[in-house]
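The chain below stands alone, shown as structure tokens; this is the form predicted on its own.
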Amino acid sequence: MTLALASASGPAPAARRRLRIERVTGLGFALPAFVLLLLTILLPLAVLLWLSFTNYEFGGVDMDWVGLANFRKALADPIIRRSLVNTLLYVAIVVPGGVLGALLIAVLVHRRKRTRSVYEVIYFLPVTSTLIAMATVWQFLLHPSLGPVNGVLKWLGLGPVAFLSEPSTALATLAVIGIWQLLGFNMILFLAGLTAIPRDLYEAADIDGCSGGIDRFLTITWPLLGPTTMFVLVTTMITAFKIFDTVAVMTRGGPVGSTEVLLYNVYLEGFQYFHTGYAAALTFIFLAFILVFSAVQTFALDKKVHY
């Protein structure tokens, strides 16, 4: 009877004290991460949101509250609409090329034994290099008269192509460079996913008569790479939306605005024209696009992923 009353009245004082100590300890471990999150992400976002409702200009001493005027201006600005279209076109090229190309390379490299590490290093080198330095190298490679790429085209009997000077080819050229930059990192992720697939499944598939390479890939490899593919797809899309370096170094938004992208316009408005309030509004529009596309991809693919 006494034990029943004690258990009904709740945990013993020692147990309650231990529970409080565990909660305080957990909060103590989480506090540094929360403070870091607050100072580096939440607080800057709050300041950015506040600036987006003002007409503040960098270096100014006063500002006025303008409400949604900056957002209305951005939606009505033809330059911003053009940069948004260019950004979406860039993403539409880079995401399929960066994901499918990396998957193909990973499948081909995975079965190699002696030369696998060599291919991994070769394909991963663009990830370790500074993109601004590599953009300068690409400018030389694609030069209409001095570049070796056009030299090969001339040797094949084709005319020179101004890859970065023609509006019809400039954005696609930057997209190819973006795919080249992403292939190595995505390949490593796919190789990790391929290594985690049990070999017993392939042996069982051989016994069941599924011995063809394409059949094995469609029935075993591709479904079991679902979580890796979803992660690679989302991260590649976010990276593609953040295109800035190659545009700033190689084209500066030209020719004729054909490579103007949203993040480059944010940079121009904020650090060239010093329209800080307007740049803050553009930044929130940029973040909204990334959030929406990432959420749609995650929720759409999560139902089809085999964990």
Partner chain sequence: MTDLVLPAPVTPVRSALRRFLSLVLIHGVLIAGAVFMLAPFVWMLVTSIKPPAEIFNAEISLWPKQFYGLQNYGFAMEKAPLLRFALNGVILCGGILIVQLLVAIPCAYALAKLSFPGRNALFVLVLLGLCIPVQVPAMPLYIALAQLGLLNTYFAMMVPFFLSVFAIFLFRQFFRSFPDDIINAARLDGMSEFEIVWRIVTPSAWPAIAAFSVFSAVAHWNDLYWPLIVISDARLAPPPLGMMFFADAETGSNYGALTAAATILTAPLVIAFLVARRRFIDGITVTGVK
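The structure presented is a predicted model; accordingly, all values stated were derived computationally and were not measured. Rigid core here is just the name for the largest C-alpha set that superposes within 1.5 Å across the two forms. Residue numbers count along the first chain shown, from 1.
Heads up, the form predicted together with its partner chain isn't pictured, but that's what we're talking about next.
Student: Mind telling me which stretch in 183 to 191, 73 to 81, 159 to 167, 92 to 100 gets its heavy atoms within 4.5 Å of its partner chain in the model of the complex?
Tutor: Checking each option against the 4.5 Å cut-off leaves 183 to 191.
Student: Using heavy atoms and a 4.5 Å limit, would one call Ile105 a contact residue for its partner chain in the model of the complex?
Tutor: Output for Ile105 is yes: heavy atoms within 4.5 Å of its partner chain.
Student: Taking 4.5 angstroms as the cut-off for heavy atoms, does Val66 touch its partner chain in the model of the complex?
Tutor: So Val66 does not count as contacting its partner chain.
Student: Is there a heavy atom of Thr195 no more than 4.5 Å from a heavy atom of its partner chain in the model of the complex?
Tutor: Thr195: no, not in contact with its partner chain in the model of the complex.
Student: Can you tell me if Glu260 lies within 4.5 angstroms of its partner chain in the model of the complex, counting non-hydrogen atoms only?
Tutor: Flag for Glu260 set to no.
Student: Could you list which residues of 95 to 120 come within 4.5 Å of its partner chain in the model of the complex, counting heavy atoms only?
Tutor: Residues within 4.5 Å: Leu104, Ile105, Leu108, Val109, Arg112, Thr115, Ser117, Tyr119, Glu120.
Student: Using a superposition on the rigid core, decide whether the Cα position of Leu68 changes by 2 angstroms or more between the shown form and the other one.
Tutor: No; that C-alpha moves by less than 2 Å between the shown form and the other one.
Student: Does superposing the core leave Ile238 with a CA shift of 2 Å or more between the shown form and the other one?
Tutor: Ile238: C-alpha displaced by less than 2 Å between the shown form and the other one.
Student: Is it true that Gln272 shifts between the shown form and the other one by 2 Å or more at the Cα, once the core is aligned?
Tutor: It does not reach a 2 Å shift.
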